[in-house]
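This document starts with one chain, in the form predicted alone, laid out as structure tokens.
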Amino acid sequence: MLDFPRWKQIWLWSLIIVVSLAALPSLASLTGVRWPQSLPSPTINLGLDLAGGSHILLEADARQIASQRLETMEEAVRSVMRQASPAIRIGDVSTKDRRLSFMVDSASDVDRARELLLPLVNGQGLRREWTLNVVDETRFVLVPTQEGLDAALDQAMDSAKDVIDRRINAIGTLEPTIIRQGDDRIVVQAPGQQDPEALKALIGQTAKLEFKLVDETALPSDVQAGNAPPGSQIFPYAEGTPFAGGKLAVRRLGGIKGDSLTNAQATVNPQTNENVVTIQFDQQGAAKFARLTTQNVNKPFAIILDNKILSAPNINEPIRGGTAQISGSFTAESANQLAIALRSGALPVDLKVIEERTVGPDLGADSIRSGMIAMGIGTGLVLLLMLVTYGRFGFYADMALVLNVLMILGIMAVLNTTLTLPGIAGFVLTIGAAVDANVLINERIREERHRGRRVVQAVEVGYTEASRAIFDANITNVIAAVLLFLFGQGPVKGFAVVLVIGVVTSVFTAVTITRMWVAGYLRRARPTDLHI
């Protein structure tokens, strides 16, 4: 058991040196020492509680989900009735009182229309999304069920969380915490982001992009008074645009939505020198955009972002190729933010900021300083105690403890993990576990010597028997930490990551590395007794 061939010693020492070197940039950063820029510098990220940053609580507008479902259902109903053979004519369409109602022209089409509607009202599994009734012989009434609304809100919140995650990662924030809170809220914590306004501007933007035809039949006086013609709706111009303060009527249905975008980049128009956003549609969106512009040459269409009109240019010729430009008096920064928002996808529902705060780095610096002092004092006392109690074997345990700290820092830096306050607690916890392992080993060796075993035999039995208990105890710790990582959120995950790394390195250094050193000592000195 104490046989360590040369190749194994070289491999172990190489591993120790490489991982320990990876810890040096992090140690330099924590202690304020300048690390040479010419050298690789894997460093540990600090979480919101240590590095400071922004904390924002967002709440969704659940009523908007209901309105969107009504609009989507109206489009679907019109589509299936139009595509029926022969087509079913419908009229008197209404979405008042949070329900969709319409009439079919002929009573003979009622049964056929009902068959076409059934696939639309049934949800997944046994869940019914809508109730469907026929009143007055020819009028259909569709009412969304609460079960369907709840499912739609849940799906929208999951999508919104993914969109926010993509947007924050796009600006380079490391290890943001984005978690759902309740049915309609999302918590966002972005370490290192000290400007909550910029963060809100990015993640609060719905980025709902639409291209809709302008209703040229609408009278300007009616539009300014807010009276939209049937089948149309009125949007205001966005602030900063040439027509800010004015309004425009556009066709409510049809047009193209931005969900078929594949890319968006902030660029500069070489002809006007304006900051613009160049967008690219996917194949299906490009075909639809080409069809829309081909069928409506010499007509204006509005570019609408988050229910505000950016511009309403004339379609001079069909636009093919799936590329278009969005202009709207952008600055370079706002164009870049819009491009990020469009690339990340539109938020499925408006999110309102109901709580925000900025966490300064001072608290984190104090925590780091206090943690370092506590770790320094605690580690020093432990080193002294082990040295006094176990002599040479205590010295080996102390060296293993120092290597354990370096290996934890090195692995965390290489894996680019984030250290939080709970992570510091996990760090200290694993140091104690490392000392426990060496105490078990040394005590077992001492017992074997008292039983009369010879030196080498006592060391072999001590390491073998104690290692079993050490592995069993730490396997349960690893299982608990993995469960914490899988089911925890934010700082809890950080604690779990540090705990897993610490358990693995502490067992490695306390059992394998000290065994190698003890074996070398026994081979060189061949002692007849141990002072342990």
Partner chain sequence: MKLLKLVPDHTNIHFLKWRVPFYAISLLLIAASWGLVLTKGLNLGVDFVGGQMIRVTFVGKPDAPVASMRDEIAALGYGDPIIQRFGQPNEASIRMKLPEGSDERPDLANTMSQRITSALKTAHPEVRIDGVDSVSGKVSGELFQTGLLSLLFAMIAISIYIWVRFEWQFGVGGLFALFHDVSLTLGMFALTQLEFDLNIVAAILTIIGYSLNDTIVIYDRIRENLKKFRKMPLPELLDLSVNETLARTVMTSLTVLIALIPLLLFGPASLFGLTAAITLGIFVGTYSSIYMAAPLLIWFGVRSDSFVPTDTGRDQAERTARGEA
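Positions refer to the first chain, counted from 1. Worth saying up front: this structure is predicted, and the values here are computed from it rather than measured.
Separately, the form predicted in complex with the partner chain exists; it is not shown, and the next lines address it.
Participant: Taking 4.5 angstroms as the cut-off for heavy atoms, does Thr358 touch the partner chain in the predicted complex?
Facilitator: So Thr358 counts as contacting the partner chain.
Participant: With heavy atoms only and a cut-off of 4.5 Å, decide whether Leu39 touches the partner chain in the predicted complex.
Facilitator: Leu39 lies outside the contact set for the partner chain.
Participant: Although the partner isn't part of this model, could you tell me whether Ser370 comes within 4.5 Å of the partner chain in the predicted complex, counting any heavy atom of the residue?
Facilitator: It does: once the partner chain is placed as it appears in the predicted complex, Ser370 has a heavy atom within 4.5 Å of it.
Participant: Just checking whether His531 would be counted as a contact of the partner chain in the predicted complex - the rule being heavy atoms within 4.5 angstroms.
Facilitator: Flag for His531 set to yes.
Participant: Could you check which residue among Ala290, Ala151, Leu387, Val134 gets a heavy atom within 4.5 Å of the partner chain in the predicted complex?
Facilitator: By the 4.5 Å criterion, the partner-contacting residue is Leu387.
Participant: With the partner chain left out of view, which of Leu219, Ile354, Leu118, Ala225 would have a heavy atom within 4.5 Å of it in the predicted complex?
Facilitator: When the partner chain is considered in the predicted complex, the option within 4.5 Å is Ile354.
Participant: Have a look at 434 to 442, 261 to 269, 154 to 162, 73 to 81 and name the one stretch with heavy atoms inside 4.5 Å of the partner chain in the predicted complex.
Facilitator: Flagged stretch: 434 to 442.
Participant: Do any residues of 440 to 461 have a non-hydrogen atom within 4.5 angstroms of the partner chain in the predicted complex? If so, which ones, in sequence order?
Facilitator: Heavy-atom contacts to the partner chain in the predicted complex: Leu440, Glu443, Arg444, Arg446, Glu447, His450, Arg451.
Participant: Classify the change in Cα distance between Pro422 and Ile164 in the predicted complex as closer or farther, relative to the shown form (magnitude of 3 Å or more).
Facilitator: Relative to this form, farther apart in the predicted complex.
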